[in-house]
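The data below hold one chain only, encoded as structure tokens and taken in the form predicted on its own.
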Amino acid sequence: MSVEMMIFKPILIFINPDFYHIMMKKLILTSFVAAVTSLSAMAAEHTFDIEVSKLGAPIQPTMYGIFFEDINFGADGGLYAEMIKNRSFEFGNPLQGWRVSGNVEVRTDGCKFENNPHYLRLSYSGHKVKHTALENEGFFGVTLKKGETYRFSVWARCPEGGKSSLEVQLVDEALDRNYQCIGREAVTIEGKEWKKYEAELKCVADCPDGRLRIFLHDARNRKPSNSSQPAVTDVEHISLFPSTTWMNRPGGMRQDLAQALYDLHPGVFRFPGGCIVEGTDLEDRYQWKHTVGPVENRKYNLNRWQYEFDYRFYADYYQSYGLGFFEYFQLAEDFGAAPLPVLCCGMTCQFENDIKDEAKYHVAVEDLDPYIQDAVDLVEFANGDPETTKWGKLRAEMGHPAPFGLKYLAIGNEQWDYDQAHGHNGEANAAYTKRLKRFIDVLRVKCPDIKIIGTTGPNSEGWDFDLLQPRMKELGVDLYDEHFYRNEAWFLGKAKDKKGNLIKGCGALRYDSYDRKGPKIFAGEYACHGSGKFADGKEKKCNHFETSLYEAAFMTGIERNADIVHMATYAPLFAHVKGWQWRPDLIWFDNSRSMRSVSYYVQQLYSHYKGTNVLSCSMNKQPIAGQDGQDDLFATACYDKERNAVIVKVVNTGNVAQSVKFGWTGKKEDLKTGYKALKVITLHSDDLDADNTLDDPNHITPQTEILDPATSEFTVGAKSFQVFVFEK
């Protein structure tokens, strides 16, 4: 109340009480109008000028994709649906993952499969009450479901003739009843030659931590006796799959995990890594030729993530290559994504091998021919004629005569060069680029249609990045691959160096100042890694809503700069809750369930609503990127020709809700006229520390509402990501 009203209140009441109340209502109304006017003034400060009469740069179909690496048990024990660990007995310890009893011998003579020579010889135990048996623990258990059918297979023979019977059981060792067996089937083995035997086992009870057990019986499926003994039996490549797999392919991918990838609508699929491409030693590097052909003869490999972290150590982490390059290409085709394989450039992991050991751990430039030939052969495997080329014929024999349409090939992962200050003994060394040049020189001649992707190393800034970035342009690569796992401040564009200066190139403005005439950009690995700890003492370097929101804010800059950024993939993709070594990750799972993180939904919203062309979107003629005076708002706009829609993505990273008005600019006959529908999708959580879990996988998910398409002013809630879709 004003001072004047306080003075005249007694007089007004004395003259006319009703008049006083009328005056008070007018005062309140005047105050409300003033408040609304003030709100409108605030909203005017948040007017987004969206140019809808002029289409900007095309947004590439490959813009938002997925990057797969076999880390966190993402392949064996994850996406690859095989349930048996060390199925071919090729781990460093051939019996790792297995328990044996009776008369069991590991042998390597006379195996059918050249690349997997180990097999087991099962013989009569010597006494009728002693059992010759095998039992496999699976990947963190063999999880079984009541009513489900499981496909068992084994390669076997009776080398001395005769017959035997393998009683195959699904068992629950913790089951509180007389019989542990919850599914069984007998398989008769006969003949001296290796043959594949198959059976289906029906499970009669749920078991989260089961086992596969195999008994050696006589030919009548009876326990051995003094008068009836089983023939000596050799077994190899023992396998168990769920009957339901992705696209119903026997021996294929896990249904729910592949579905989660499909639901992202990825435009590009980068595989198989990552650091596993390099290996710690050249022997451990990923070699694509070991991953194709019959699955039984694919050579096992030690996974370099087995030994990376002694504080999260998994001594049984190997690669069976059941998920190999054929399956990667096949999945890319399933998802409608461009395949993007990454090959070793002849260098091992530089983090683990000092430059002084270059001759020991890296291939000399003059000895790169076999590595370069692997690249040329891979293009032939993917695209070659099925009748006239060696590798195209193999692809056809594996069931895919048509070419996979490979267009991209990345050479190297996180390699770098050295300058005078950072090289060994202060010497400059073009360790990576001199090798990359050899690949480029050959590929440009033999595979001229392939776009070559180089790398700028493991960092988003710093001496190594500054050294490599201009060299990528000098070498003429088509794209180069940037990686950045950074904290909250970096993704918000507020990171500072040790001297307190703002780091150039952090946040959503990163690409606004990039060279428009250089190679295109592939943001190949990124995620916001929380810094510090939560109130309960747990590290923030994990999945939670706040960091996912900041990823959404950063991605407005990716989309705004679609003229030079052609690809972006979050990393890592998968993590087993009992086998993770790195977090945050996009999708978490155990043996029977999976969870899509908030970061997953950020990626999904960008991919589903990426549009076909950028639209200019600014506030006070500045990009909306959390800059001074923009009140923690980030935004980008695009046009989608297929939907005939304008799409605006807005992220509010602040603690206060903001009023936002869309100011369409352009001619009257432009895209702004005739909207028939307005859909608003919101991703928000009041708890910034929360994420989805296996027990509550839908705790934080996008929520959709339909509004009046004539609406132009909105309240964007604090800590929220919203997608506005104006459809014709």
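Only a predicted model underlies this, so the values are computations on that prediction, with no experimental measurement involved. Numbering starts at 1 and follows the sequence shown.
The next section is about a form of this same protein that is not shown, the form predicted in complex with alpha-L-arabinofuranose.
- The candidate stretches are 655-663, 679-687, 695-703, 62-70, and the one lying within 4.5 Å of alpha-L-arabinofuranose in the predicted complex by heavy atoms is 62-70.
- In the predicted complex, no heavy atom of P266 sits within 4.5 Å of alpha-L-arabinofuranose.
- In the predicted complex, no heavy atom of Y119 sits within 4.5 Å of alpha-L-arabinofuranose.
- A residue is said to contact a partner when one of its heavy atoms sits within 4.5 Å of a partner heavy atom; W582 meets this definition for alpha-L-arabinofuranose in the predicted complex.
- Not displayed here, alpha-L-arabinofuranose is approached by E525 to within 4.5 Å at the level of heavy atoms in the predicted complex.
- Screening P339, G252, G557, P572 for any heavy atom within 4.5 Å of alpha-L-arabinofuranose in the predicted complex leaves a single hit, P572.
- Just one of K85, R213, H483, K112 comes within 4.5 Å of alpha-L-arabinofuranose in the predicted complex, counting any heavy atom, and that one is H483.
- Taking alpha-L-arabinofuranose as positioned in the predicted complex, the residues of 397-423 that bring a heavy atom within 4.5 Å of it are, in sequence order, N413, E414.
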